[in-house]
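Shown below, as structure tokens, is a lone chain in the form predicted on its own; questions about how it binds or moves come after it.
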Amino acid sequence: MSDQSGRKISRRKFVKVTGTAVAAAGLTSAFLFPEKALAQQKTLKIVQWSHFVPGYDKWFDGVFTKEWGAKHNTNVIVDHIAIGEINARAAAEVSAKKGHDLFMFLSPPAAYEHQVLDHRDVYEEVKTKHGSPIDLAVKSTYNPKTKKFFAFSDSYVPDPGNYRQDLWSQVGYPHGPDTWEQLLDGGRKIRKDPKLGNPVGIGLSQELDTNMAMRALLWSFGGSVQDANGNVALNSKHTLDAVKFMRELYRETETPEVFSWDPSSNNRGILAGKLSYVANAISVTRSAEKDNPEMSKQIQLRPALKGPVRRIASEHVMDCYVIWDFAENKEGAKQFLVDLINDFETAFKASEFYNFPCFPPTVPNIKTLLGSDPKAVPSDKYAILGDVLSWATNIGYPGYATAAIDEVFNTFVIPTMFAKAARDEMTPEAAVKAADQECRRIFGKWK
């Protein structure tokens, strides 16, 4: 090999010179056309709520998505929003036909069935490794009429009772109330006691926790918004009995504050020592363990309260991811969900037992973990959640979470029914009739 002057050059020098030239050309190309240099890296945009357990977001944002993005050469962007912003943000993205690839709701988003992909293939892929999802997940994300999975659920959150053991022990219930009647009896005694006076904290507002608590009460008395076939069934003696009971519970054990609560009001109330009982997720006890260890020792857990007909409650929240039909990275979004389930035991631990698996084999030792928690006092405080699926159900019980159920839920028809009777704005009979008519209007629209 010779240079331009005809002099001989070594192979080593030739490789060095040409290699440098090629590298320089590559740098020039990347500088002039940066979009080509980055063409191989994809982007996955996710929106979800700001978790009540900060450690979960720390793991999800800082560990899982980082590792997943590196493995799949994808820049994962996670935007967190407050609970109250979810529905408005979803509506805005659908209207603009632009937004995130993955959007997480906290209740079944059946009303958006026509704006999302069919998530069946995600479920099928996960099933090959982890078996079938729990019935709660299916009834929260599947439309049996169209045969479409309008969402994918990785997890749900139990909704147990949180009670002050020191207060309830003084009125004859050392293990807290087990039934709605006991809640009324013990709650009244605590409220009327001049040395105590703590009210019960069951919401009657237009917010998530009230939505769940009022459904638990309704179902436990035998009432429901719809029957198993999706027909409106609210106007019944069972519903009327539940409404009359709530009216008495409010009068005897609560304060007017419950009519204007937001989703964290009952948390703040019991953690501040004001309330004797709330229906809420374990965000209550986890917060106490961090911020008020002495109060944490007093706040204990109970399963869903039993009514005259059954012991039942809705999940506190149902994590439902959707992939919009206008998503820019549909395949990446699907793969992300599959891989999230594959690593769900880590997610369960990062959530401090808040997020329960929709695919139980992903956390095979869940009862052992619940039965011996180093932060809990006593260490088996969370063991009562081990059989949560025996009393937790979906918001469409005894049917599926349909678009009509979605609208009834998000327009707070059921909390409004209970609140109007409790405040004597309507008689119980009139409140039930008005709610039933509104449900029929909504169901008729979606039919």
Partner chain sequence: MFMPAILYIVALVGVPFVMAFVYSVSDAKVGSVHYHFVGLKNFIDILHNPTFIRSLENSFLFTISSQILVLIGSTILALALRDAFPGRRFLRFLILLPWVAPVSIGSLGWKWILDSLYSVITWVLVRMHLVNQFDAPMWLGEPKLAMMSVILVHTWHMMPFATVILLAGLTAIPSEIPEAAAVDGAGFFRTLFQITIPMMLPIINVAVLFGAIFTFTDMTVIYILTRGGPYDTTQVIPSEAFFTGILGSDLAEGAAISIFLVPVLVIAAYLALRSAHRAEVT
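Owing to the predicted nature of the structure, the values given are computational and were not obtained by experimental measurement. Residue numbers count along the first chain shown, from 1.
This protein has a second form, the form predicted together with its partner chain, left out of what is shown; the following refers to that one.
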Are any of the heavy atoms in Pro256 no more than 4.5 Å from a heavy atom of its partner chain in the predicted complex?
yes
Even though its partner chain is not shown here, does Glu438 get within 4.5 Å of it in the predicted complex, heavy atoms only?
yes
Leu44 within 4.5 Å of its partner chain in the predicted complex, heavy atoms:
no
How about Lys433: is it within 4.5 Å of its partner chain in the predicted complex, going by heavy atoms?
no
Would you confirm whether the three residues Lys127, Tyr354 and Gly386 all fall within 4.5 Å of its partner chain in the predicted complex, going by non-hydrogen atoms?
no
Answer key, its partner chain contact in the predicted complex at 4.5 Å (heavy atoms) among Ala91, Leu369, Val377, Val309: the residue is Ala91
In this chain shown alone, the residue from Arg286, Lys148, Lys139, Arg191 with a heavy atom within 4.5 Å of its partner chain in the predicted complex is Arg191
Pick from 408-416, 60-68, 46-54, 378-386: which stretch has non-hydrogen atoms within 4.5 Å of its partner chain in the predicted complex?
408-416
Heavy atoms within 4.5 Å of its partner chain in the predicted complex is the criterion; list the residues of 253-279 that meet it.
Thr255, Pro256, Glu257, Phe259, Ser260, Trp261, Asp262, Arg268, Gly269, Ala272, Lys274
